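The form predicted alone is given below as one chain in structure tokens.
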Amino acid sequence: MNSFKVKSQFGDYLVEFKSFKDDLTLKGIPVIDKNVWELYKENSVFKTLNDPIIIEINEENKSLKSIEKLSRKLIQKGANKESHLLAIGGGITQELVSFLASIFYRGIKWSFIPTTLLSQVDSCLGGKNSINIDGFKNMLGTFYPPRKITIINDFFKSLEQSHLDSGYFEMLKIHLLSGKEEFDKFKSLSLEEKIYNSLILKKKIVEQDEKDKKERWKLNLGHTVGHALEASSQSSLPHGIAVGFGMLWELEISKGLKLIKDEDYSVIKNQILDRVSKIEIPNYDHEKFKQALLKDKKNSEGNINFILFKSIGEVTLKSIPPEEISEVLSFIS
């Protein structure tokens, strides 16, 4: 797979594909997910890291408190405006380091080695970061892409099935959004080809709309319901799987509101169910689910904004007044 560059107003950045067998020189102040460190600290590549900062990764730690702790550690290390951070981990590691890099000395360089399938196929690209506040997801954030992204497929060997499923649904999402040809092609691609193609497809969107003002809103498909499901199940569901259920339930809402033809509805549903039917949905609090929908950061003018299906490759933004939410949710009950 060929490396490629992503155009950005912050400076173009490189996406490269490597393996542990390659000559990898890791530069910068390393900030590493504790789980990744425990699994790979004896790896020859990781042994070259100089005094890494090891962080506990969970949804609760995606907070201002964690940013404050990391800031103190950087100050203790003598970091300055010329420093370069190196994030090694999944999406939460990425968001913490990216957010910190965007505000430390008003912005310092950072690079990213994503270690989960979800972060490799989706979140690594586009420069978004966000942290939670008072139990609500992604309320504070900036746009601040890394200088380089290094995809190392060797990390797959240590991933649990739930993490593979999580990445799968984000890959399916971007292929669904990209039209029938890409959607049909998705089924026959190898995992490595799915990763590469997902990034190429997302690159086209984020280069057109880096600040999330136009086309990029489509990438929130599955996320309105998915985020509410995460919040109401105490974050027991991996993000990508929540998005998978989110796409399925938003598909049902699309049908209930008569936005999608039966033929496309069946094709999309069968593809999502092929994976999601093997996953047990956790218990979630229905009232908290509804409240999370009402607090979703994508809402506007007091209405709840859903990304809904019209066909394979075509979605629409539908604003639902709060007083109609119970009727809409009846389509997925």
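Because the structure is a prediction, the values reported are computed rather than measured. Counting begins at 1, following the sequence as shown.
Same protein, other form: the form predicted in complex with a small molecule, not shown, and the subject of what follows.
Check: Considering the small molecule in the model of the complex, which of 163, 218, 148, 194 comes within 4.5 Å of it through any heavy atom?
Finding: Going through each option in turn, the one that passes is 163.
Margin query: If the cut-off is 4.5 angstroms on heavy atoms, which of these, 100, 86, 199, 92, is the one near the small molecule in the model of the complex?
Written below: After the contact test, the surviving option is 92.
Notebook entry, point to check: Taking 39, 159 and 239 as a possible spot, do all three reach the small molecule in the model of the complex with a heavy atom inside 4.5 Å?
Noted result: Contact check passed for all of 39, 159 and 239.
Notebook entry, point to check: Can you pick the stretch from 56-64, 298-306, 282-290, 269-277 whose heavy atoms fall within 4.5 Å of the small molecule in the model of the complex?
Noted result: Looking at the partner contacts, the answer comes out as 56-64.
Checklist line | Heavy atom of residue 155 within 4.5 Å of the small molecule in the model of the complex | finding: Within the cut-off, so yes.
Next item on the list: Look up in the model of the complex whether residue 118 has a non-hydrogen atom within 4.5 angstroms of the small molecule, and give yes or no.
Entry: Residue 118: contacts the small molecule in the model of the complex.
Margin query: Contact with the small molecule in the model of the complex for residue 35, defined as at least one heavy atom pair within 4.5 Å: yes or no?
Written below: Output for residue 35 is yes: heavy atoms within 4.5 Å of the small molecule.
Notebook entry, point to check: Is there a heavy atom of residue 111 no more than 4.5 Å from a heavy atom of the small molecule in the model of the complex?
Noted result: Close contact is absent here: in the model of the complex, residue 111 is far from the small molecule, nothing within 4.5 Å, heavy atoms only.
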